[in-house]
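The chain that follows stands alone, in the form predicted alone, written as structure tokens.
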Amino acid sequence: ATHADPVDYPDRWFTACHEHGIYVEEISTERALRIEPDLNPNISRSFRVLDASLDSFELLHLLVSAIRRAGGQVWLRHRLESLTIDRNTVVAAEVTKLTTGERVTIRADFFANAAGPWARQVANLAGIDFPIALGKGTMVALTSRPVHTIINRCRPPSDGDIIVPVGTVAVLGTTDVEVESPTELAIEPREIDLLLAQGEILLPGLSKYRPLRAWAGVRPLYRPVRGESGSTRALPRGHVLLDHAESDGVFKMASIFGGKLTTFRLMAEHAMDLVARQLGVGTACRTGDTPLDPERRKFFTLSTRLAELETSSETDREQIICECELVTRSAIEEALRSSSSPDLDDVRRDLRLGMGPCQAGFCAYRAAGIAHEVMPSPIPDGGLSEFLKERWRGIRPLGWGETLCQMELTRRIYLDLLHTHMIQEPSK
């Protein structure tokens, strides 16, 4: 708790944790400062909880692997176009394969709408509507980690109340701004200023750390009263499961939305229990106690990559393509071949290509050249332009100080030297 937080909140929060069986331990300020020396020394109270961060990209790979082991299929880059309704029952979905334009019809005994912020649009295809609010959350990553544990403000949920170390960076989060569309992801300067200012309260001197990248996501939240006003920050984060046979008279379809990543397995269990009942399946759900594939876990650490490079002989030492994240040529080639996708953003998610301090300033053109050599049907520029546009979008909101210098260097490399004119020029 800091001087800017409600004085009575820590006691109310501490009591509620014990009432609900949530582990929490109050520790002295001195002990907190030993654990995290850069914490504000004027904090009034400190607590330890069972908290953790994760690699969301790797989590998705593990989930896809589990789905396939269970006999399921995962189709990437397919867009839902329409739902077919026959006698108030959803019987088919038509999708477009974006890589070829081919239209495919999918028939199933039951359809689960788990489209996140697009859940309402999907439901609309079946003539269904429900009250959903969209809250945009902006985050900022720093180039290094000023803390090594998750630091959270002890106050009611608010903008800029958490700092999360992940991999080689720390993430400041998050804001909450209501938007009308899942694609409204523009980051406003005031959001960046707010996150940095709030972070400074927890960690005095945070301003000396260079912001690396900003990005935003959209939360789908249930607003139970249609037309009700009020901020999305105040809406509950619990998940909602709608059986449309009961709520709308449309059979063989359910929608689930809301919730948080922390509870995604519980959401999956509730949704699949509903599907099982509808299909007459009596098998007990195993979602809650089935571990993800332990053999596939490849937790990323920069030190591990460095150790592998240092222990290799001069003759066997690999060519490093991304110096910031120590990504080698063979790793990029393997990622491209295994995914069969020429999209360098896919390689980034797998290997952290271009996610270091230079934000792909020096590795993007190298990786694009490799993609052009390796892929059987490469994009003319190896995917360079699209990759750069995505990288550029995340650093434009941080155009000051050292980041601005880095941006200008990157622009000159790709605009003047390589004549890549697809990068958007920064607005005045």
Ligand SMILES: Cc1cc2nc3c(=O)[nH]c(=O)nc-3n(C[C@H](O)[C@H](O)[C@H](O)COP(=O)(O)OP(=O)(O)OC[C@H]3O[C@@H](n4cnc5c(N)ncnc54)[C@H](O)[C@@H]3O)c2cc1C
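Fair warning: this is a prediction, and the values are worked out from it, not measured in the lab. Note that residue numbering begins at 1 and tracks the sequence as displayed.
Heads up, the form predicted in complex with the named molecule isn't pictured, but that's what we're talking about next.
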Contact residue in the predicted bound form, chosen from 211, 258, 342, 146 - any heavy atom within 4.5 Å of the named molecule:
258
The one option of 240, 142, 194, 218 with any heavy atom within 4.5 Å of the named molecule in the predicted bound form is 218
If contact means a heavy atom within 4.5 Å, which one of 196-204, 71-79, 350-358, 244-252 is the stretch that engages the named molecule in the predicted bound form?
71-79
Is there a heavy atom of residue 262 lying 4.5 Å or less from a heavy atom of the named molecule in the predicted bound form?
yes
Look up in the predicted bound form whether residue 174 has a non-hydrogen atom within 4.5 angstroms of the named molecule, and give yes or no.
yes
According to a 4.5 angstroms non-hydrogen atom cut-off, is residue 222 in contact with the named molecule in the predicted bound form?
no
Is the gap between residue 167 and the named molecule in the predicted bound form 4.5 Å or less for some heavy atom pair?
no
Interface residues of 106-127 toward the named molecule, as seen in the predicted bound form [heavy atoms, 4.5 Å]:
114, 115, 116, 117, 118, 122
